[in-house]
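What follows is a single chain, given as structure tokens, in the form predicted on its own.
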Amino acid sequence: MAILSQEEARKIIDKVLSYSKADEMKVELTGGRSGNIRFARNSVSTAGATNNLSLSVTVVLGKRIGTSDINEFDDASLEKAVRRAEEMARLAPENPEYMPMPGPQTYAKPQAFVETTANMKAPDRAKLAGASIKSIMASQLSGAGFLEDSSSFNAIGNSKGLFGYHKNTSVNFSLTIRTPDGTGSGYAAGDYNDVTKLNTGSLTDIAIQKAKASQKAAALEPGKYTVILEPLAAGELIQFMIRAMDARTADEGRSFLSKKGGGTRLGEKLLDERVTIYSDPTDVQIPSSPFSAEGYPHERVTWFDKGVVKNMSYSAFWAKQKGAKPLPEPSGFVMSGGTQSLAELIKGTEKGILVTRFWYTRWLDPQTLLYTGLTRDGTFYIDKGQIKHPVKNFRFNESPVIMLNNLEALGIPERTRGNMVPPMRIRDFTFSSLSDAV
């Protein structure tokens, strides 16, 4: 029962809405199945599966809001959840920024559900993990990994006639491999809607290669370097930038999109002209939900076009203040790239550093989007187009805005963490200190 059909979901939502005595009411119904397998030191350590189905009721009395959640679906329990939400609303203070719920909407129809992924069972997970473990053991290395697959749905309805339904599948795999002496570490990860696209053996081979090649790293002086960021590393910083494109913070002077003296940088060229970033819930590589939690449609939106800021996200409240259309933050993004492979980017680099990924990335300054973090699991020195030797990890202090102005070359985009990001060569990337971690 964890995956309800659109008709089944609508029937439950309509029933709950019929119990309402509030001015407005919203019902969210979510459910899903997930399964996982974990291994460490080349042996499976845990495995499991879950099924969940839950319902959330939000009621509005004037400008007072109350919410209750429940996972019991008999009529008495559903009505009790509505009454509880109404009671909470009466106790709540007024929200001066509350906006009326939207009425019926038209949503895109992304193809995000794949039966093969939805039908995965424990033996399927064991086979995928086993292929990885076999390769690690053959290489006489030590590995730890995690694989999780899920199939889920979410449905939303309100007292104004809005209804939306979406179902999705996903599979994620990541692993870290260490050398026996502890000086080498490699990492690889992949995420898809369709499990048939996941090749755990290929990802394991990449991590093995990085682990072996990163042993006994040499120290380089911190400073500004030309870097090649693999998609996992580049996407880490770019996703933070996309999540920071809120119009209100820009209008209030708290954002990288704020203009000195007032106003925003909407319409200005902020990044290299080769940078175009958009979101689209129907993109075949990264399909996603066609609606936000509030029920507003996710549509194809261009955020940067040839470096120019084209759109900012708007809450319903701020959209009304500015006479704009509500525009929710995207759940995933696509960054246009070039035609070069990662190997070709390396070959075209006179001197530089190859970065596998970042970790422990933290925000330093929202007005410049300055972040700090560490390289990890494979950092290498490039000389005359060839990887010469591993280097000790660095702490970086860098902004994706500056990074995407120092762009030298883009490669072919790859899916990473639900986004499409190309590998890229960046000049003058700032490494501030060394790190002893591998």
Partner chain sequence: MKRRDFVKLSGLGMGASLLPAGLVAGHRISAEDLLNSGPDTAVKKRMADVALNAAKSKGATYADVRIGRYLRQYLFTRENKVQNIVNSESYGIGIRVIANGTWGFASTNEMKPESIARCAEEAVEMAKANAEIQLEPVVLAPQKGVGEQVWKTPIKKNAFEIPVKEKIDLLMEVNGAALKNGASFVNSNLFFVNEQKYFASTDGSYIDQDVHRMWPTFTVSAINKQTGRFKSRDALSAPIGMGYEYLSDNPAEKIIVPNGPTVYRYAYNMIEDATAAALQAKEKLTAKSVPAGKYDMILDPSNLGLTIHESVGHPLELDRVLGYEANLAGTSFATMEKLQSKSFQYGSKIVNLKADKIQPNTMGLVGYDDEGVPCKQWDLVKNGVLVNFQATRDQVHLLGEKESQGCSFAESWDSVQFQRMPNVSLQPHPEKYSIHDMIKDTEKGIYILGRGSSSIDQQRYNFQFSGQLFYEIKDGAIVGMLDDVAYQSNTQEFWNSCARICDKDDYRLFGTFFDGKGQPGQVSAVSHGCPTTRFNGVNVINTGRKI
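Fair warning: this is a prediction, and the values are worked out from it, not measured in the lab. Only the largest set of C-alpha atoms that superpose within 1.5 Å between the two forms is called the rigid core. Positions refer to the first chain, counted from 1.
Note that the form predicted together with its partner chain isn't included here; everything after this is about it.
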| item | value |
| --- | --- |
| T430: touches its partner chain in the predicted complex, heavy atom cutoff 4.5 angstroms | yes |
| Residue contact check: G103 to its partner chain in the predicted complex, 4.5 Å heavy atom | no |
| Distance check, E252 to its partner chain in the predicted complex, heavy atom within 4.5 Å | yes |
| Contact label in the predicted complex: D69 to its partner chain, heavy atom within 4.5 Å | yes |
| Answer option from L370, L61, A409, V391, heavy atom within 4.5 Å of its partner chain in the predicted complex | L370 |
| In the predicted complex, the one of G323, P180, G262, G267 near its partner chain [non-hydrogen atom within 4.5 angstroms] | G262 |
| Site check I65, R243 and L364: each within 4.5 Å of its partner chain in the predicted complex by heavy atom | yes |
| Segment assignment from 196-204, 139-147, 228-236, 109-117: heavy atom within 4.5 Å of its partner chain in the predicted complex | 139-147 |
| Partner contacts in the predicted complex for 106-132 (non-hydrogen atom within 4.5 angstroms of its partner chain) | A126, A129, G130 |
| Exceeds or equals 2 Å, Cα of S45 between the shown form and the other one, core fit | yes |
